[in-house]
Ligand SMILES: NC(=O)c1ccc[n+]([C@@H]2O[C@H](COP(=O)([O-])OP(=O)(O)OC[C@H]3O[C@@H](n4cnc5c(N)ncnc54)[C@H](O)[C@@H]3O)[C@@H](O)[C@H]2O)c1
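Coming up is one lone chain in structure tokens, specifically the form predicted on its own.
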């Protein structure tokens, strides 16, 4: 067995109605002036109101509320929230929302703690100290941002996604409350669920940093998603299905934080940065094509997944691996996700535009973990097959 390092710095608290404990948890972390980050959709749906009430009832706590995070968090939003937090003297952060909100809050916490321009801290391992206490409450089951040590925000002017990665970015506590998912629309349930599926498959394909701990997280996380995602999409009030997808997404988040992802995420980041496509939906389109590209070097890993999921008992690794790829395609269709980039509103690209997008993907940090080396031309080929 190769040596490995495994980190899971975030404490996870799971249970129905657990979100109501956020105020007490932040108090326990030493925070008293809390920046609460969310979005307008959750305000209008009433999801965050009961959580806010817990803070209002505790006279020892004060809050500064920022709810203008867009569906694809960007630098402008982060700077605005950070300025508000600094002005109000906040010493802790609570993020309530999907991946966009959680990622924005993480980057806001960098600026709140360290000052300066958030652009100064982009990249990997550019943080040297702990940040202010942060609690994450996910309201989708997909990104794993509630436990991951990375964050992505969009630089609209540059047309690209900016990566922030550091062990200090992981939230101190993640509260998993499946009741918050009940009102999540089917389309978002499906898209975020396929993001988690992509995390499991891409992370399990990484060879260098794998360990028995990450293997278990990827395999069992994928099993829970295949078992429960269709039910959660079609019957959003099924709390058991919602719980399974939420736990699986968090498992996948811990796994890819320790392992990395690959070419599918690199392409999704590049495409999302250029065209503003939803991250999970974009991953779902690219996933089978990225898997096919990697097949020649990871067929045994895909085959292990297929057999663990009881999709096949074929002893031929390539045959079993192809069964997994076919099932991924079928799952996307079953839960109503588009199968082509053109269906996401991505325009047909000229050759120079294709080369630019492929170059962005080829320089994305996710690509370094891909099990098979990918050239710009290889990436263009995957893109064209997905279009």
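Residue numbers count along the first chain shown, from 1. Since we're looking at a predicted model, the values are computed, not measured.
Keep in mind the form predicted together with the ligand is missing from the figure; the text below concerns it.
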Worksheet item: Mind checking whether each of 100, 139 and 148 has a heavy atom within 4.5 Å of the ligand in the predicted bound form?
Response: yes
Worksheet item: So in the predicted bound form, does residue 323 come within 4.5 Å of the ligand, heavy atom to heavy atom?
Response: no
Practice prompt. With heavy atoms only and a cut-off of 4.5 Å, decide whether residue 192 touches the ligand in the predicted bound form.
Written response: yes
Discussion item. Is it the case that residue 47, even though its partner is missing from this view, gets within 4.5 Å of the ligand in the predicted bound form, heavy atoms only?
Written reply: yes
Worksheet item: Heavy atoms within 4.5 Å of the ligand in the predicted bound form: does residue 132 have any?
Response: no
Item to complete: Would you kindly say which of 185, 115, 212, 300 lies with a heavy atom within 4.5 Å of the ligand in the predicted bound form?
Response: 185
Worksheet item: If contact means any heavy atom within 4.5 Å, which of 118-126, 273-281, 304-312, 223-231 contacts the ligand in the predicted bound form?
Response: 273-281
Practice prompt. Any residue of 25-51 with a heavy atom within 4.5 Å of the ligand in the predicted bound form counts; write them all down in order.
Written response: 39, 41, 42, 45, 47
